[in-house]
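In structure tokens, one chain follows: the form predicted alone.
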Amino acid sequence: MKNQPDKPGPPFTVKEIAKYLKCPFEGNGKTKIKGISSIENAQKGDLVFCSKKKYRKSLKKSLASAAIIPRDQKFDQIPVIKSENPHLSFIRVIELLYQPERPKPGVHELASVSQSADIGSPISVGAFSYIGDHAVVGDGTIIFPHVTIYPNVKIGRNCIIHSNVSIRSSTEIGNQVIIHNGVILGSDGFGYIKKKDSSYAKIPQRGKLLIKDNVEIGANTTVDRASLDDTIIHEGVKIDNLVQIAHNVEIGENSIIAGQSGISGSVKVGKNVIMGGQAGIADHIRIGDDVIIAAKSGVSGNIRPKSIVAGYPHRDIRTWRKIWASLSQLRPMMKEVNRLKKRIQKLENQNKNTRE
């Protein structure tokens, strides 16, 4: 975690960090913390976290100046901050110590902003970015260079839109949304009807794409607008890089979708769903709340709430594990079956010769 690209802030003492986290501490509270690191690579002035006892030996050898550990554990070699969730507290310290580099407020002279666009204040618009007619951009939003925002797009407050993002018309984005490089929002869904001459007629895509507050969308992901109604990404959803979300999809609050997953049209995903990498979801499927879908799963039917599924086609993960475990036995079983077939054939031939 060295060589942080963001600008480090001033050092803090262990006592100040503990107060910021609202956690108790033990040891020298005046110890200064200048940075964060993994346990193995820590140097003097670094803060680390150790949430599991199996890493305690590494912590004893570490050069770190302080650590965040669970509240029910003891460690007196260096100052410690005690937390119910050391990893989460560590993340909050990163946010405290490292302030992301942000462009200065204002519209760059090489940006193109329509006179009819409603632009908040303060706002930052980078070079070669374009904001179309009647677009709305909320206060505090940062638009990096080479972003294209089509007419009639609505973007809320304190959003961050990175370079090479394209946001097409009929897209509405909430507050505190982060959109990473290369994302395309509001593109046409993949809808066609085959004609008598075997050519295809395009189904007009006239619906909206609605992205609610506190959503984060990873690099090179695409989210299609709806054909008639709305594609909806609800509050708190986190989407990884290289994900495809088709038209009329609805993703429930606080769901997480890992990279290279694909969701076909008109799928409804519930709240708090976890979808592993390279999962594929067939169209018009309903996925209940609190479902976990293992990586590389092929979901071909509805999934009840609180299920854990894996495999292709998807099955309950316990069934899938039994199937997977049996695959390693398949080759020996085939050899045994072939041996038995030969033996039976030999016995039948002997019996036939005896009758004759």
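Just so you know, these numbers come straight off a predicted model, no measurement behind them. Rigid core: the largest C-alpha set superposing within 1.5 Å between the two forms. Don't overthink the numbering: it's just position in the shown sequence, from 1.
Not pictured, yet referred to below: the form predicted in complex with a further copy of the same chain.
> Evaluate residue 36 for contact with a further copy of the same chain in the predicted complex, applying a 4.5 angstroms cut-off between non-hydrogen atoms, and reply yes or no.
Because a heavy atom of residue 36 falls inside 4.5 Å of a further copy of the same chain in the predicted complex, the answer is yes.
> Does a further copy of the same chain get within 4.5 angstroms of any non-hydrogen atom of residue 63 in the predicted complex?
No, residue 63 stays farther than 4.5 Å from a further copy of the same chain in the predicted complex.
> Using heavy atoms and a 4.5 Å limit, would one call residue 313 a contact residue for a further copy of the same chain in the predicted complex?
Judged by the heavy-atom cut-off of 4.5 Å, residue 313 is in contact with a further copy of the same chain in the predicted complex.
> At the 4.5 Å heavy atom threshold, is residue 145 in contact with a further copy of the same chain in the predicted complex?
Contact with a further copy of the same chain, yes.
> Out of 118, 213, 139, 216, which one falls within 4.5 Å of a further copy of the same chain in the predicted complex, going by heavy atoms?
Exactly one residue meets the criterion: 216.
> Using a 4.5 Å cut-off on heavy atoms, which residues of 15-34 contact a further copy of the same chain in the predicted complex?
The stretch does not touch the partner at all.
> Take the rigid core as the frame of reference and indicate whether the C-alpha of residue 85 shifts by 2 Å or more between the shown form and the other one.
After core superposition, the C-alpha of residue 85 moves 2 Å or more between the shown form and the other one.
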